[in-house]
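Only one chain is included here, represented as structure tokens and corresponding to the form predicted alone.
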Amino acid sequence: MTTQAAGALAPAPAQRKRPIGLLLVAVPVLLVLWLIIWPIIAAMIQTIWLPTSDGGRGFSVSSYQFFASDPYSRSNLAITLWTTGVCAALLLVVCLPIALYLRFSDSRIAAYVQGLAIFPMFVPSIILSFAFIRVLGPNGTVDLLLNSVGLPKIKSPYLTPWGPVIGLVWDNIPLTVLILLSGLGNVSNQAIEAARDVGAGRFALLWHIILPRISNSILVAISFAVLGIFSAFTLPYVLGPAAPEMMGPFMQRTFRDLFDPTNALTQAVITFAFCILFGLFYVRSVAKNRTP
């Protein structure tokens, strides 16, 4: 009885290992708190704890009131939301067929298609911008080819809102394809064959078998793409119009050219507020998968 009682009171192996597991994650958690969470909190405090006329500091939301009342600031936020929404939709339209082809194709061409889909991951944004300008810019390769056969020039998307859209979609194709392809790994060939045996067509297979099983992967892919696009700087700065501009170039210009760190921090906090809404979708998706 004594031995049994001692065994019952002894901690389980999982309980003994729990402090070790907490120590393993302590360093990255502390780094996240120090390098990410604290700067966000400090920025929020600086935008609401502003200098007063008597030389002190006090609570004020004047910087946010200025952003909400300034037509230029609102137009920059609107073009950022528009660009993000259009890019997310185009990424889904472009990447889902590629991922489906790579998942269910056994041909040798699929390996080359996968290589082309992943290739933009290894191209820096500034090189992509230069290539875009040389190909689709004024007097670029496309214009020269059209002129050589007697056709009129096209209206270049360079320095228009569609310039960043094309660049950002191209830049985010690899990650989106990889996430969707990972989700398609959960679709078994047996389920596809069983549905075909009962007469399901391609659309029925996609709608009733494939999409329900990869809905979580689609949500994760769109969340990652939206977070990257909303805070993008290089491609919108190089390829986009001078006005309206996306929030990334807008924050940089406000801080560097206008020497206005308070309003630049306000724009950063507003950008973070929108990004955290999309980030919550990703966190919810991960938590849902871990729920037994």
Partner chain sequence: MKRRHFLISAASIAAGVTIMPRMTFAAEGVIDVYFTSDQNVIDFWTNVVKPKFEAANAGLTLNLVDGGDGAGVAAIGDRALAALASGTDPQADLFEGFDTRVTVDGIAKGLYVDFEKAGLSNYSKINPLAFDIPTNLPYRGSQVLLAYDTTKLDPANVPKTWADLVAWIKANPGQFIYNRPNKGGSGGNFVRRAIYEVNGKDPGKFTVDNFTPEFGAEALKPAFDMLLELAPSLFDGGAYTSGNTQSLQLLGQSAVTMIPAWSDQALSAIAQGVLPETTGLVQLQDLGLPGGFTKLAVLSNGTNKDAALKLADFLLTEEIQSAVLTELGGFPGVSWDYVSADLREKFADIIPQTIPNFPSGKWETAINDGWYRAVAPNVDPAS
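Residue numbers count along the first chain shown, from 1. Since the structure is predicted, the reported quantities are computational estimates derived from the model, not experimental observations.
Below, we refer to the form predicted in complex with the partner chain, which is not included among the displayed structures.
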> Is the partner chain in the predicted complex near all of G85, L90 and G163, within 4.5 Å of a heavy atom of each?
Replying inline: no
>> Taking the partner chain as it sits in the predicted complex, is V61 in contact with it (heavy atom to heavy atom, 4.5 Å or less)?
In response: no
> Is V123 close to the partner chain in the predicted complex, meaning a heavy atom pair under 4.5 Å apart or at it?
Replying inline: yes
> Even though the partner chain is not shown here, does A243 get within 4.5 Å of it in the predicted complex, heavy atoms only?
Replying inline: yes
> Looking in the predicted complex, any heavy atom of V238 within 4.5 Å of the partner chain?
Replying inline: yes
>> Using a 4.5 Å cut-off on any heavy atom, which residues of 188 to 210 would contact the partner chain in the predicted complex?
In response: none
